[in-house]
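Take a look at this one chain, the form predicted on its own, written out in structure tokens.
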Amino acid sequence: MADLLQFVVAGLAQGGAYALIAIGFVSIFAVSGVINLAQGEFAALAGLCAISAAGAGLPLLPALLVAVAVVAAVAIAIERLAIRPVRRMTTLTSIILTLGVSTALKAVMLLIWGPQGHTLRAFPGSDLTVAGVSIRAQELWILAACALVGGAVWWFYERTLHGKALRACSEQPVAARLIGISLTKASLVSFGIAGVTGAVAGVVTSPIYSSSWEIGLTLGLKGFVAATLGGLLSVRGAILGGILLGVLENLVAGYVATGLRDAVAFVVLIAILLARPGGLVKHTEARV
């Protein structure tokens, strides 16, 4: 039983990181219908920026804030320079375009930070042992970040006028234009939100999983699977999907084989696409 609980706790923390990245996918897709395959690169870039800022002498908190701000700015620049100029943005076009952006970001990170991985120093806090289960302080930070950021994004879309206006751009774009809602500004805001959520995932996971130029692909694909579990339109669904995926990965790694950990995400994706293409969340609820 202790082993099972240990795998579940580790899976919850890992799933929290997937959930943060999945929220970024949902934030953009729910507004503009764009699938941003560069979402994982936001996490990798944030982790590396935070490590460099801390290495330059900044205290941990300012280093984290600098990293999040840099990545949010990069996300906004991508929207302005790569997404907005394309007049007819289909889902397939967005996949191809953002895949190119992802590759470019990888090349930049490889050039600046090199091929080796880097680790940010751990956040403050003491590890815990509860009922024989070891809980690292950093895992609690990941779960707290997921709860706070995920809750904030959900509240923004569900409870604020500006958030509802962003949702209207996807659901009723013509009506949104008629009442004066700017679709271009809505897309810009959604990319900014995605940049922040991806950056938070990158900085809180770096002390455990390290950061490197190539980690973004894995994080992005798993975040996409988590978002797909929620139907790509629900923040709550994305969080639940991320947690579920993280727990499943750790259970498979612990009880079957460690080498199968990364295969879990894609097996789950295939199963969901075959059984429930709309995701686990019902269509009527699958809204941010």
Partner chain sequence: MRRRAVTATVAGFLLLTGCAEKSQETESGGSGTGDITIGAVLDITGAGATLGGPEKQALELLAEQTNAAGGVNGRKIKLIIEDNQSTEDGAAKAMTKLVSQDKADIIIGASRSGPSLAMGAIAESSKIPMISLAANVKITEGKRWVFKTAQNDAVVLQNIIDYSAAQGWKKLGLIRDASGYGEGVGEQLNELGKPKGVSVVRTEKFAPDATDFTAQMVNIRDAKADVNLIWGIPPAAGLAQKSYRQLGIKTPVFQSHGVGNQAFLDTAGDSADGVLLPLGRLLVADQLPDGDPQKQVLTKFASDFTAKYKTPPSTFAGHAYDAFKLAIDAFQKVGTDKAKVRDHLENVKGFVGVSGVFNMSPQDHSGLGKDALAIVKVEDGKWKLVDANRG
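Predicted model, so just to flag it, every value in this text is computed and none were measured. Positions refer to the first chain, counted from 1.
There is another form of the same protein, the form predicted together with the partner chain; it is not shown, and what comes next is about it.
Residue in contact with the partner chain in the model of the complex (any heavy atom within 4.5 Å), chosen from 66, 253, 247, 51: 253. Remark: of stretches 211 to 219, 68 to 76, 193 to 201, 158 to 166, the one touching the partner chain in the model of the complex is 211 to 219 (heavy atom within 4.5 Å). Put simply, residue 134 is close to the partner chain in the model of the complex: some heavy atom of it is within 4.5 Å. Of the heavy atoms in residue 207, some are within 4.5 Å of the partner chain in the model of the complex. Proximity of residue 268 to the partner chain in the model of the complex: non-hydrogen atoms within 4.5 Å are absent; the residue sits far from the partner. Proximity of residue 182 to the partner chain in the model of the complex falls outside the 4.5 Å heavy atom cutoff. Contacts with the partner chain in the model of the complex, taken as any heavy atom within 4.5 Å, map within 106 to 123 to 110, 115, 116, 119.
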